[in-house]
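Single chain ahead, written as structure tokens, the form predicted on its own.
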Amino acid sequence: MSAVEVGITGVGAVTPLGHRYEEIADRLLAGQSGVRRIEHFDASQHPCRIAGLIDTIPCPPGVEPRVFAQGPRLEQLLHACCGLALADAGLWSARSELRVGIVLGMGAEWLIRWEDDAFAGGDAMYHPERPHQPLVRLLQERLGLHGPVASVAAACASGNYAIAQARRWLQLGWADVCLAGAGDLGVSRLALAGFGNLRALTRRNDNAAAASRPFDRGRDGFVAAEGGAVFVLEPLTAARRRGARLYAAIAGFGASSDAYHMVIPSPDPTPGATAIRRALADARCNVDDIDYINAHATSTPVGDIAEARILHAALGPEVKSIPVSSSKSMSGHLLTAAAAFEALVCLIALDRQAVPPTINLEDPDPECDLCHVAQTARPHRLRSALSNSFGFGGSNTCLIVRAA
């Protein structure tokens, strides 16, 4: 079963860097920021008043725009990502003939519903027993799909777990095609208050585009962001048989848990390094097979140093020759959707044969001693890319994709 190779044949994304694949790729490699001042609610009393924000969510195929616009925004976001991914894969019209599974990371699904309801004057948060249809099941109905469905909640690592689960379903023969990814609308009053009280957010409100500074000595916290990315996964043999575009193959996945603290990364790099080593073993590749590392690096003082130590522990001295960057410097931190967006970044790197930069990296922290790609993208021959996503609570994941 594990011999079944799985590839990515469709992409649907709504991100602070745009909604179309080519637009996102162009802005990413140009080093453009999607971070700006929050204006859709009053953030004046919050210590952080900037975020990576999305614009109007595009209407997916098969939906009347007026009806689509009336739905809850999180439903719009994930519906758009799923529908656009199926259309991009050339499977929209064939979806009813296939067993299409769905695995989505949605860590704050209920919190978002309760918060929106509370600010509208409701009391749903006091009655969690009231029945609500899970969003993943609702999307299955909206899209007219007939495969297995599941939602994943593992903080920032959710998207990687979703991709790994969908890959396994395909290897087991439980589905013909899978939609996998994550979405989050974490730029809200409650989220800003919580992360702000933790002092996890930047306070560089005077220059939004320069606020997210992974690995830089002057970093002071992350920039929250919203958005999502969903991929169509299918066996490579089936994809090639129908002549589909292959963005990449899912080569390897590894996971571990720190079990150390709810919000502070473990000072011991061993658990994080274990996730990376497991991904390398699953991909049957060596350190010198990795051509690019998309770091989890969120721009927090403690977290970036912890990841640098993890990379050194997992990859040894060879890590100093592998280009490393953090796309969060441009997008902000998409929270539950972070891993999914950063998988997309790796697809773009493979496609364009270039490493996206870490913008705002002006004074590299000596404790983050890596092969940084600072400020501008770097042309580079890529066959494989590695993406780390380490979530609150110590949920460590590593995904490896390779050119297909």
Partner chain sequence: MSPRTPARVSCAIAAADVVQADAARLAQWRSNPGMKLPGGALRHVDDQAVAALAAVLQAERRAGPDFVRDPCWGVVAAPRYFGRAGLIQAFRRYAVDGAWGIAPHLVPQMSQHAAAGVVSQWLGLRGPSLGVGGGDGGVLEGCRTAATLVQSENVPGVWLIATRWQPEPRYDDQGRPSSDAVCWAAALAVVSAPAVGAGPRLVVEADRVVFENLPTDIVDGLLGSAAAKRAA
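Because the structure is a prediction, the values reported are computed rather than measured. Residue numbers count along the first chain shown, from 1.
The same protein has a further form, the form predicted together with its partner chain, not shown here; the description that follows concerns it.
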Practice item. Determine which one of 107-115, 71-79, 310-318, 289-297 lies within 4.5 Å of its partner chain in the predicted complex, judging by heavy atom distances; exactly one does. Key: 107-115
Check your understanding: Every residue in 170, 195 and 262 with a non-hydrogen atom within 4.5 Å of its partner chain in the predicted complex?
Key -> yes
Exercise for review: Check whether residue 234 has any heavy atom within 4.5 Å of a heavy atom of its partner chain in the predicted complex, and answer yes or no.
Suggested key: yes
Review point. Quick one: is residue 45 in contact with its partner chain in the predicted complex, heavy atoms, 4.5 Å cut-off?
Key: yes
**Study point:** Residue contact check: residue 152 to its partner chain in the predicted complex, 4.5 Å heavy atom
**Key:** yes
Practice item. Classify residue 278 as contacting or not contacting its partner chain in the predicted complex by the rule of any non-hydrogen atom within 4.5 angstroms, answering yes or no. Key: yes
Review point. Among 217, 137, 146, 245, which has at least one heavy atom within 4.5 Å of its partner chain in the predicted complex?
Key: 137
Review point. Which residue among 224, 211, 177, 283 has a heavy atom within 4.5 angstroms of its partner chain in the predicted complex?
Key: 177
Review point. Across 253-271, which residues bring a heavy atom to within 4.5 Å of its partner chain in the predicted complex?
Key: 255, 256, 257, 258, 259, 260, 261, 262, 263, 268, 271
